[in-house]
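Structure 1 and structure 2 below are two forms of the same protein chain, each written out on its own as structure tokens.
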Structure 1
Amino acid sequence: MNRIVHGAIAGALFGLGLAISGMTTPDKVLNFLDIAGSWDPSLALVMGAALVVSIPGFAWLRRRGRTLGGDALPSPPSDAIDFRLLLGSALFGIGWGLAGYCPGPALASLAHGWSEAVVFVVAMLAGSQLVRIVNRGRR
């Protein structure tokens, strides 16, 4: 139960931060990526502020060795940079650049009821399931 409560609190804080900083607005993201046009550097400030807050938190959790809920910290699945990682990163970046959404802001944008956010989330879930099906066939 603590795990659900902690997850809900963390998710609510993350979504609130995204909404307050304007990151749920696709135009804000698209203007950040438009370096030769109407460039808006404020997304870099948001990312920097997130690092300032999260790095000490992760360092503290690493020293503690456990999550706030008492679970062991999961280790990264792999530290190898391979073709699959590069392809997935490229597809993520292309999708982000086309729509102005990445998964967190898209989910937070559902609270606004914006139809483009709904379309993005449905497409994101469909892509995730497609990869799961492809990976199942590879095993």
Structure 2
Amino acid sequence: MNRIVHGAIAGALFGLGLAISGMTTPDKVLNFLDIAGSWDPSLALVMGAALVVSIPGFAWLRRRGRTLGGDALPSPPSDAIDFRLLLGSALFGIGWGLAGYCPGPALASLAHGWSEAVVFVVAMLAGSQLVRIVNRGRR
């Protein structure tokens, strides 16, 4: 039960942050990426402010070695820089630059009730499942 409450609190803070910051406005995202045109640097400040909070927060938790409730922190994932990471990030960046949505803002934009957010999220789920199926087939 506690996990559900904490998940909901974190999700609410995250959603509020996305909406307030302008991450849910695709034109703002595209203008952030448009350094040769109508550049809007706002979103650099979103990431900057998020890191100003999370870097010391994460460092403190890593030093503690456990959560506030005393559970062990998960061990960090592998640090391998491989082809999958680079190809996946490149494909993601192309999609992000095409429509101006990354996964969080796309989901949060469902709250608008805009049909374009629905189309994007359905396509995003399909793309993700496609890779999952291909991966499974290759194992």
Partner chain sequence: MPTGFTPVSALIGGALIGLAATWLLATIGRIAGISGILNRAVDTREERGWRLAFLIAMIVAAGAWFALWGASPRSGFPWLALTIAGVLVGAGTRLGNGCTSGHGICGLARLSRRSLWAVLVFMGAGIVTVYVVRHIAGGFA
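Basically, rigid core = biggest C-alpha set you can superpose within 1.5 Å across the two forms. Along the sequence of structure 1, residues get numbers from 1 upward. Bear in mind the structure is a predicted one, so any value in this text is a computation, not a measurement.
Asks: Only one of structures 1 and 2 is the form predicted together with the partner chain; identify it.
Replies: Structure 2 is the matching one, since it is the form predicted together with the partner chain.
Asks: Does H112 shift between structures 1 and 2 by 2 angstroms or more at the C-alpha, the core having been superposed?
Replies: Comparing forms between structures 1 and 2, the H112 CA shifts below 2 Å.
Asks: Once both forms sit on the same core, give the Cα displacement of R64 between structures 1 and 2 in angstrom.
Replies: Comparing the two forms, R64 shifts 2.7 Å at C-alpha.
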